[in-house]
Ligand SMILES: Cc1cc2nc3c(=O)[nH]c(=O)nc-3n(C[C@H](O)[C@H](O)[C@H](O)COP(=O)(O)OP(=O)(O)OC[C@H]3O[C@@H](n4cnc5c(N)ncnc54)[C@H](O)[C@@H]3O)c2cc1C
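This document opens with one chain alone, in structure tokens, the form predicted on its own.
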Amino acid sequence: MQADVIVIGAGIVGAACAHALAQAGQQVLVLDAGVGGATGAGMGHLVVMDDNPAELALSRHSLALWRSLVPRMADDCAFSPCGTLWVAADDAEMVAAEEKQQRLGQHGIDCRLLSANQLATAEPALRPGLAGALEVTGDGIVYAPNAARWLLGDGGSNIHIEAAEVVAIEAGHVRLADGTQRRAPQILLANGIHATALCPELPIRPKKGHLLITDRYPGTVHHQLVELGYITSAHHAEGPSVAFNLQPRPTGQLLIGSSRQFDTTDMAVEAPMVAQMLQRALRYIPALGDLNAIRSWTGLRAATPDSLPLLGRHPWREGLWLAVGHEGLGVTTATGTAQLLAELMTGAAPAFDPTPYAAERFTATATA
């Protein structure tokens, strides 16, 4: 195979990029070391986020692309159009819900405010006394490992996959652990938290998270539930933090998150952090304490200083492109990332402005 592009990493971002490049007529060689990453450890949420305009643009485009794929996706991708309820604990958070509704509404995203009574009807398991919620109806969930496999398979003969560990990226080729090389005019780095092993200059740091899943309790919860204070609790904290985030999986299980810890690569499950995470969840759904938890695990998010991914050309390495640093939104934004990279790498006009995601935003800061 004479590859036009080598994609390093077969997680959800690498798979989506390979798929988009194959759809654009490129011959794609995907190299994956099989060491795993956030795709297999995360929640698989498809959620519009609006911490800033660039995040909103990327997640909004991505959700639209996911919805276009859903009719053809395999059943084992476990897509569920469950929507998201951003739960307001008090009147102040209800004001934040109204502001969020205005922001999302300005961009054509379907959402509506629920009163306290409407929230209680929609999700009876939530505790009484909550102020209400914002429902975003177009959000969903997916089982990311199977979605990644489906994307690679859907690329047909334009995608070739090889189990191989890349140990160095050099001009026009990559060097593998067995000493051989693979060549292509363009190379795309999309291996998440492992990116700094090949490009230590990238401003990516690990952010550890815990998740816990229960036994099967179908019908207990119907929507993805996120506390409206999630942004403050999770995204803007510099120390260890937890926030309430719960998904009803199609199996009937409840997936409970989330936690954040910086700059550790210790993958051990930490009982105090799990306890803190569950105590937060119990504030919203007290009956969780009566359910059986069957497994807890950890994963590492690849976080940049401003929580936006690095998308586009590497600032100085010839022929190298970047699709890394998605933190907790790799699944959500995989499709928009892929569309943008495929357009940039083939010389097509980008569907949305790539400037906010360019790696130069950090090199410019460093040299200013």
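Heads up: residue numbers just count along the shown sequence, starting at 1. All values derive from a computational prediction rather than experimental measurement.
The protein also exists as the form predicted together with this ligand; that form is not presented, and the subsequent description refers to it.
Considering this ligand in the predicted bound form, find the one stretch among 286-294, 99-107, 158-166, 80-88 with heavy atoms no farther than 4.5 Å from it. Flagged stretch: 158-166.
Verify the contact flag for G336: yes if a non-hydrogen atom of it lies within 4.5 Å of a non-hydrogen atom of this ligand in the predicted bound form, no if not. Contact with this ligand, no.
Are any of the heavy atoms in H45 no more than 4.5 Å from a heavy atom of this ligand in the predicted bound form? Output for H45 is yes: heavy atoms within 4.5 Å of this ligand.
Considering non-hydrogen atoms and a 4.5 Å limit, does this ligand approach G312 in the predicted bound form? It does not: once this ligand is placed as it appears in the predicted bound form, G312 has no heavy atom within 4.5 Å of it.
I'd like to check something about G36: if you look in the predicted bound form, is any of its heavy atoms closer than or equal to 4.5 Å to a heavy atom of this ligand? So G36 counts as contacting this ligand.
Proximity to this ligand in the predicted bound form, single hit among L29, L300, L322, L308 (heavy atom within 4.5 Å): Filtering the options by heavy-atom distance leaves L300.
Option touching this ligand, based on a heavy atom within 4.5 Å in the predicted bound form, out of I187, A147, L246, A190: Contact residue from the list: A190.
For the stretch 334-361, I need every residue with any heavy atom inside 4.5 Å of this ligand in the predicted bound form, listed N to C. Not one residue comes within 4.5 Å of the partner.
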